[in-house]
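Only one chain comes next, encoded as structure tokens, the form predicted on its own.
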Amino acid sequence: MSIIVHHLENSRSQRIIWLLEELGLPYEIKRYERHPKTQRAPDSLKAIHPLGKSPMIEDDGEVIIETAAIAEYLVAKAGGKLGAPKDAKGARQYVQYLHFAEGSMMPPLYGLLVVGRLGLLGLPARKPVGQMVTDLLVWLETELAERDYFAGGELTAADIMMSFPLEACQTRAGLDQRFPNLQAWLKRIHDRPQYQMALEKGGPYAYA
């Protein structure tokens, strides 16, 4: 039985499709569209899991939520492919960035989205929240100064996790020519055939 990916347009779930392409695991996609005005996920996702959030996958009758948890599950299912490097430092970097994507990158990015929608009321918060994102990008730029990927010289699931927040930064949060290492990393992942196939299967994606 194939893995079912409950895929919401322009969302974190695009990473799971890409990961599955890289791992070579069989899967099928069930697509969901955002509300055209609120951009919220449809209530139909709540029929799969009470929280109604994407991504979520179904495998062997079990529903699994949370992107990093899904990534770890799929890497294990594929026998450790794209998992932690064998060297101790690479393994630490792998775990760090697997969780850094959601734990450190996404909160200020979501904050920028919220204050942007508040109009004038959000102006006082826009600069400090934007600075939080810039500080993260400055540090991440140094992290990729001497290696091609976040956990070493090869692509891992940690890079796939980092793709969504850094793509969002490139689109709306200042990831520009000031960060050549991060831009080179984005080009490196976007050029992968598996990434391109995931885009084709996942449908339109605003951040690629």
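Numbers for residues come from their place in the sequence shown, where the first is 1. Note that the coordinates shown come from a computational prediction; the quantities given were computed from them, not determined experimentally.
There is also a form predicted together with a small molecule; it is not shown, and the following applies to it.
With the partner left out here, the small molecule still marks one of 148-156, 171-179, 52-60, 135-143 in the model of the complex; by a 4.5 Å heavy atom cut-off that stretch is 52-60. Taking non-hydrogen atoms only, residue 28 never approaches the small molecule to within 4.5 angstroms in the model of the complex. Taking the partner from elsewhere, residue 208 is found to have every heavy atom lying beyond 4.5 Å of the small molecule in the model of the complex. In the model of the complex, at least one heavy atom of residue 11 sits within 4.5 Å of the small molecule. At a distance threshold of 4.5 angstroms between non-hydrogen atoms, residue 33 is out of contact with the small molecule in the model of the complex. Contact here is defined as any heavy atom lying within 4.5 Å of the small molecule in the model of the complex, and by that definition each of 41, 67 and 102 is a contact residue.
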